Every structure is written in structure tokens, then in C-alpha cells.
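Just one chain is shown here, as C-alpha cells, and it is the form predicted alone.
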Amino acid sequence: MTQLLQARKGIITKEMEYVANFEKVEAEFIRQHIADGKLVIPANKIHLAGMLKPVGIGRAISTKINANIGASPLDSDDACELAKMNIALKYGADAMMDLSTGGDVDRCRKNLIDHCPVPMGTVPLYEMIMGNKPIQELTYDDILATCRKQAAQGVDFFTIHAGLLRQHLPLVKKRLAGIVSRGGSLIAKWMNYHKKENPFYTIFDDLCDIMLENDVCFSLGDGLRPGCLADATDEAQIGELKVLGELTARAQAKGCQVMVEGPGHVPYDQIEYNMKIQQEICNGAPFYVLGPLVTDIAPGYDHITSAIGATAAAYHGASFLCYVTPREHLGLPTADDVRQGIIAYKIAAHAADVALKIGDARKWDDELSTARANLDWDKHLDLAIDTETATRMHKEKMLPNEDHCTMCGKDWCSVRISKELKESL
């Protein structure tokens, strides 16, 4: 049985216990939230038999982050993607997505899953149309066969673009950027060509049966996510979200675990509304957001523009943040882009957890602040979210007498002066 079905029966699985220990909460707390559909543990039975360590995703526990990697027809290879994955894991990724669209995707996927200790997700549609197969030739059998194969390989969650319907297509004409989701645009093209409903929507119950077999978690894709501020929170986005709410209920009724994907590009003042309306429509199912980016003007710095939005999103209801790298909108990320994206999102997730008073998040800040106030440089650097960078910067300006900061010098160091004052008072 899936984690959801077992939770409904009152069973606490070893995966629930693992997550509870990690989050420092009672196992019954985890079980109840899974039973309510408000928390998921994406853990394919095949991957669990390997090196997977269960991860819980839900608003009641710490905010998680995902890193996208994957080879394309133009760039990268298996070894490069494995190296990117290891960098993402080193700096704190809680989950990975293989978005490969080129090369031997089966081999790449298997290699990543075999070496991945966190949940691994995919967008099965990408493989369905590889090998120069036009989207118009996609069949129901192609969809089911590919999803069945990837589930058997150990993929823990699938992005399934089932919420974009034919009725939404006319709304795209009103948009500045149109459809920016790759999966969404492909499905829209298929529907427009065949004059039929979204095939993923049509055979959704069959997909549920495949997901049930190995407990693959749905990540219901937002094919109409806004790709610029001008398109945020528009009729198309909200229309699809309502369908995702319907599909969430249908999948959960069959026993499948479900996450829901969200925007995108959203002005800061609209983020709270976006998070709360998803919680209302999708009955609290974990919300998995890309950013959102709060401005469109910063190519090369979109890990920053999106991390600003990600903190607000997590504070107002999102539980899973998909990182954005500096190279978003410009090209596939390099290994260093992955590192920068992960660190930006670890900061965003942690800041939200501090504000929400989740677990021991604030304790980390207080421990580092104590070390800083005591001029304990070794502990201060060790507690930094990126110890390597902090240590390098410190050593570049380190002076013989380390009883002061490297910015002010001994006589001007406010921390040293304050420490002396406290000792004398």
C-alpha cells in the first residue's frame, strides 16, 4: 500500500518514523498529516530498496527544496549530471528532478537514481517525444507505457500536466508570454492538433493505477504557470488551478500521494493570495513552487529575484521550493550555478522556517550569533550555511590578531568593544 493508504488505516510506517525523527515531531503527527493529504513522503518502493532516505514534504514541517538537473540534446552528459547532483546534495538539496531531454535518458536516469539518497522526480512527457517524435503522434499507450517504465525504475514523483484543458487555450491569447511551461506548451499543441481533451486528463485514472503500484507521488504540473509578472494570477492560471484541485481529490481518493505545482513569476504583493487560494482549492495538499520570481528584469541574478519570492511563498503556505539558478532564462546551469541556486534556496527556506517557528530553525541562527558575539571565528565559520565560501572570504582578509572583525580593525570593532563593556558592567 501507499504511504497515504497506510496512514488512513492508522499504520505508522518506518518511513513515517524516519521523517518524524528528522523533523523532531511525533510519528503520529506525520501519519495524521499524510492521512489528511497535507503531507507526502515521495518514496518509490524500488528506490526505497536502494539508498533512498525518506523525506517529508508538507507545511507542518520544515520547508524543502528541489534541484533540477538533466542533459539536453545540446549540452551535458551522464557524468556531468551526476556531478551536478552531488553538488546539489552537498549544499543541501532535499530532492532532485531529472529533466533530461537528450542522450540516453534511461541510462542517465538509472545512474542518478542509483546514486541518489533523496527523492527523484521526472517529467515523463519529455521521454515520450524523444527521438524526433512529434508531439502530435503521442498516444495514450505512449503515456502509460513510459510512466509504467519510469515507475519501475524507481522514480519517486512525476510531474503530470493534466490540469491544462482545451477550455483554457483561448485564454492564452490574452497573455504577454503565453505558455512558458515546456510540458504545458506541448500538451496545448497536442490538443490544438487533435481537437481532443488533454490526454493526461482523459486517462488520469489509469495513471493513478500506475502510481499506486510503486507509490509514486503525483506532482500535478502547472502548464499555465505565469512566465512574467504581466501574466500572474490571471484567468488561465486560476482556471487550471481549479482543475488541479479536482485532480488532487481524485488521486487522493484512489490512494495516491499528491503535490501541486505553482508559479512562476508573481509580483510580491500577489504571493500571499496565490499561496492561500491553492491551499483552499487543493485542500491543503503540499504546494511546490518555482520561485516565484518577483521581478523580470534580472537575467543572471534570478536565483536572487526568485529566492525573495520563495521566502514569502513558504511563509504563506508553500512547502516545497524548486530552486532557480543564476542561468535561468539564459541556458542550462553549470555546476557552480547549481551551487549558487541551492544556497540561495536554503537561505530562503530557512528564513521562512524561522518566521514560522518550525522546529529548531531559529536555534541555528542563535548559535551562530553567539559565536559571532564571542569572536569565536572557528565556530562562526563552521555554522555558516556555506562554510567554504565564508572561510575563504575570512582568510583573504585575516589579520595576525583575530580578536576583532576584518572589517573594522581592533580599535573600531564594535563586537570587541561591546564584549568588553559587558564584561565590565
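This structure is a prediction, so every number in the text was calculated from the model and none was measured. The first residue of the shown sequence is 1; numbering continues from there.
Unshown form predicted in complex with a further copy of the same chain; subsequent notes refer to it.
Though the partner is left out of this view, Trp377 does reach within 4.5 Å of a further copy of the same chain in the predicted complex, counting heavy atoms only.
In the predicted complex, a further copy of the same chain sits within 4.5 Å of a heavy atom of Ser414. Though the partner is left out of this view, Met393 does reach within 4.5 Å of a further copy of the same chain in the predicted complex, counting heavy atoms only. Although the partner is absent here, Glu26 is not a contact residue: none of its heavy atoms lies within 4.5 angstroms of a further copy of the same chain in the predicted complex. Per the 4.5 Å heavy atom criterion, a further copy of the same chain in the predicted complex is contacted by stretch 385-393, the sole one of 29-37, 42-50, 59-67, 385-393. This chain appears without its partner; in the predicted complex, the one residue of Asn283, Asn86, Gln153, Thr295 with a heavy atom within 4.5 Å of a further copy of the same chain is Thr295.
Checking Arg250, Arg175, Arg148, Lys110 against a further copy of the same chain in the predicted complex, a heavy atom within 4.5 Å turns up for just one residue: Arg175. Applying a 4.5 Å heavy atom cutoff to a further copy of the same chain in the predicted complex picks out Leu176, Ala177, Gly178, Ile179, Val180, Ser181, Arg182, Ser185, Leu186, Ala188, Lys189, Asn192 from 176-205, in order along the sequence.
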